[in-house]
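So this first bit is one chain, no partners, the form predicted on its own, shown in structure tokens.
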């Protein structure tokens, strides 16, 4: 194990502690086999749909036909393992500073992934920028946490952010629906809405974790500066004054509120966190909100 490894034994002990806390929160429920319900070939009735040529006649609801003279199929629910996808922003804006938003997001993904593995859910990690930058296939069982650690240790930076492009590829490649935890600073010039809508429209259940760095809001330099966009390379000459910093902070807060309002309106869980907040405190906030542990 490398020196200063963020996934060391102490980190693993914290994850086990968080798992114990999560079990207490859901005490009274059987969490050994968390399942998600899908419409399939189970035994519990779910819904009807119109008959189409080629459908199995055995599924027709003749009682409905007697009333309406229209052919409908009976649909039933079945249960399958819960899939949890961690969509991890590895664009270049996530890699600024020390420690970075990237480091923080990886710890949060590892922590929530550990909870999922411990609950026997299927956990997958998919880094993205303007495209998907690799993939850890779905894993199950607590022992798989070491595979997650190795995967996160070896990740490399991606390109610029494009949520819509990356998530379009994600929904096309992943037919198993489930929870999609998006960890990002959401610095996408094209906005966040279309990307998150891709997940929603394809029946994934997004959870948004919006990470930022307090140091971005409180720059220590002033005067004539040349700002370089780390993702696009665009250069802008500015005079940085306290008034300009104040306007920048205001723009950031308005952007954050816009993202939060979108999530509230669409019933998507939203968590905003500076990387200065200990990661385990964020995890407890997520537990308390429900949605991730049920």
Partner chain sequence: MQFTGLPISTILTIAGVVAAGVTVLYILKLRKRRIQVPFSHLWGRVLEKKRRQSDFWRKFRRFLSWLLHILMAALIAFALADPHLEEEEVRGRHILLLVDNSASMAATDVSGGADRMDVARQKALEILETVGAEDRIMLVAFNDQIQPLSPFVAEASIIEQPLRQIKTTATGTSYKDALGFAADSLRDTSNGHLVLISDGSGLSEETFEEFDFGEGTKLTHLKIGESSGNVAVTAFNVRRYVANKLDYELFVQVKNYFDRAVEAELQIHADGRLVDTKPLSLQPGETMQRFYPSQAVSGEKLEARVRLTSRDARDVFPLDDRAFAMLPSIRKVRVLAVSDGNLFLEGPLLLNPNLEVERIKPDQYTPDRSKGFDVTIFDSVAPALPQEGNFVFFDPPAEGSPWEQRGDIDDPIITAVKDSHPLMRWITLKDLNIGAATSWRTGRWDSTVAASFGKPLIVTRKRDNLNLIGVAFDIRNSDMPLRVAFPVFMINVVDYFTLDDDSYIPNYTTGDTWAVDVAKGADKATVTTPTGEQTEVPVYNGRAVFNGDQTGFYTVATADETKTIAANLSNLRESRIAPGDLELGKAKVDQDADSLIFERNELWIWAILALVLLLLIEWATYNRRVTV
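Owing to the predicted nature of the structure, the values given are computational and were not obtained by experimental measurement. Residue numbers count along the first chain shown, from 1.
Not pictured, yet referred to below: the form predicted together with its partner chain.
> With the partner left out of view, is residue 63 within 4.5 angstroms of its partner chain in the predicted bound form by any non-hydrogen atom?
Residue 63: no, not in contact with its partner chain in the predicted bound form.
> Look up in the predicted bound form whether residue 269 has a non-hydrogen atom within 4.5 angstroms of its partner chain, and give yes or no.
Judged by the heavy-atom cut-off of 4.5 Å, residue 269 is well away from its partner chain in the predicted bound form.
> Quick one: does residue 216 come within 4.5 Å of its partner chain in the predicted bound form, counting heavy atoms only?
Flag for residue 216 set to yes.
> Please determine whether residue 106 contacts its partner chain in the predicted bound form, using a 4.5 Å cut-off between heavy atoms.
Residue 106: no, not in contact with its partner chain in the predicted bound form.
> Would all three of 189, 234 and 255 be in contact with its partner chain in the predicted bound form, where contact means some heavy atom lies within 4.5 Å?
Yes, the whole trio is in contact, each within 4.5 Å by some heavy atom.
> Counting only heavy atoms and a 4.5 Å cutoff, which of 91 to 99, 148 to 156, 106 to 114, 175 to 183 contacts its partner chain in the predicted bound form?
Of the options, only 91 to 99 has residues within 4.5 Å of the partner.
> Select from the listed residues 264, 50, 239, 68 the one whose heavy atoms reach within 4.5 Å of its partner chain in the predicted bound form.
It is 239 that has a heavy atom within 4.5 Å of the partner.
> Check each residue of 112 to 130 against its partner chain in the predicted bound form and list those with a heavy atom within 4.5 Å, in sequence order.
The stretch does not touch the partner at all.
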